[in-house]
Ligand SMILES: Nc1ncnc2c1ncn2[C@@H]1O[C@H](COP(=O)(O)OP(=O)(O)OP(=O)(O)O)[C@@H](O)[C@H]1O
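The chain below stands alone, shown as structure tokens; this is the form predicted alone.
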Amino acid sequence: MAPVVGTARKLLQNALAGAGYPRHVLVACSGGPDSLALAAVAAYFARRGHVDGHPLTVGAVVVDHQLQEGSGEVAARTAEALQDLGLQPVEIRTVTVAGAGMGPEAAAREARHAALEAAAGGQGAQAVLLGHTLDDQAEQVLLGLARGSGTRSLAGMRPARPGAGNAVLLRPFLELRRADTEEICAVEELDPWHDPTNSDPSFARSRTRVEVLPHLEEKLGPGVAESLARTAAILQLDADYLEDVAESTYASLVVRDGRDLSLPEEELRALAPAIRFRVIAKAAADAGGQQPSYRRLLAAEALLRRQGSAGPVELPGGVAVYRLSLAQLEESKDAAAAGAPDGTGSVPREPARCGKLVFRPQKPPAK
């Protein structure tokens, strides 16, 4: 047995153990070297019928995105190879990629994830295996740097995360290089399909793969990809910790008033900036919005330094955030007192929201 095959088997074994030894797993296979090598390694455990004494069956799904001529033939050939490896059941899911409101890569990923979720549910799989490698992780980190993204994006892809219905997504090969998966295919006498879009310079990821990373390796020396992947692993720990702190902090601060949410400004100001920005982003999402850009978060956070009531700042997804001051609270209280039974004064038309950032959905609730 080639050493790389033994290493790959151990990586998959560890991933399955970490996921609690799922009884049935699903290999997502495009027919490329990475996912086909993963299918071959998974087939080894399928033939044995167990991992570490825990029962295991392995199925597979091939997603046909219909984005290239002959994609149906590639899918059929891949499905046949998976059946020859002994995986059962093997199914082909044909999807239509809708590009409305997103780029082609994001649209294809969304369609693929929906197909994987449906396949996992249909087969009763507790885990879906994805063939991403260390090279994919390095590319992900570089793309995040180029976009000016935050910690979560630079942390790259997780080895394990929820994401396919009730099945967890597992990436056991994040420590293997792409050349390793090609070697596994050669050892297993498999003929992988090479996606031409992987070298198409019109895609940012492809340019990163065939131009940027090789250039960095040439100019900075070998080991750049490993260093980028190691950076992702370190940042995953940081991102998880910050996320946990932000989640508990948000839960302790948020006040709900109908569809509106509010956060007390004094407590917000006291937070470390890394937590404060995350708490504001959580409020925006909780109010029905989307993840704000860093520029929009800065604009919302700047309301804390304004005098008097301020805003609104429009956030993506139809959420407006504004500041109501403590002075307005006192004015509202005075107005409420003046509007007593003698009919003088005026009563506020809605409850006072003061000394707070208020997040208000601009869209009517979905029926």
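Bear in mind the structure is a predicted one, so any value in this text is a computation, not a measurement. Position 1 is the first residue in the sequence shown; the rest follow in order.
One more form of this protein should be noted, the form predicted together with the named molecule, which is absent from this view; the next part is about it.
J.: So which of Val51, Leu324, Val313, Val63 reaches within 4.5 angstroms of the named molecule in the model of the complex, heavy atom to heavy atom?
T.: Going through each option in turn, the one that passes is Val63.
J.: Any idea which of 148-156, 279-287, 292-300, 123-131 reaches within 4.5 Å of the named molecule in the model of the complex, heavy atoms considered?
T.: The contacting stretch is 123-131.
J.: At the 4.5 Å heavy atom threshold, is Arg177 in contact with the named molecule in the model of the complex?
T.: Residue-level check for Arg177: no, no contact with the named molecule.
J.: So in the model of the complex, does Gly32 come within 4.5 Å of the named molecule, heavy atom to heavy atom?
T.: Looking in the model of the complex, residue contacts with the named molecule include Gly32, since a heavy atom lies within 4.5 Å.
J.: So, in the model of the complex, is Asn198 in contact with the named molecule at a 4.5 angstroms heavy atom limit?
T.: Yes.
J.: State yes or no: in the model of the complex, is some non-hydrogen atom of Arg112 no more than 4.5 angstroms from a non-hydrogen atom of the named molecule?
T.: Because a heavy atom of Arg112 falls inside 4.5 Å of the named molecule in the model of the complex, the answer is yes.
J.: Can you tell me which bits of 207-237 touch the named molecule in the model of the complex, meaning any heavy atom within 4.5 Å?
T.: Just Arg209.
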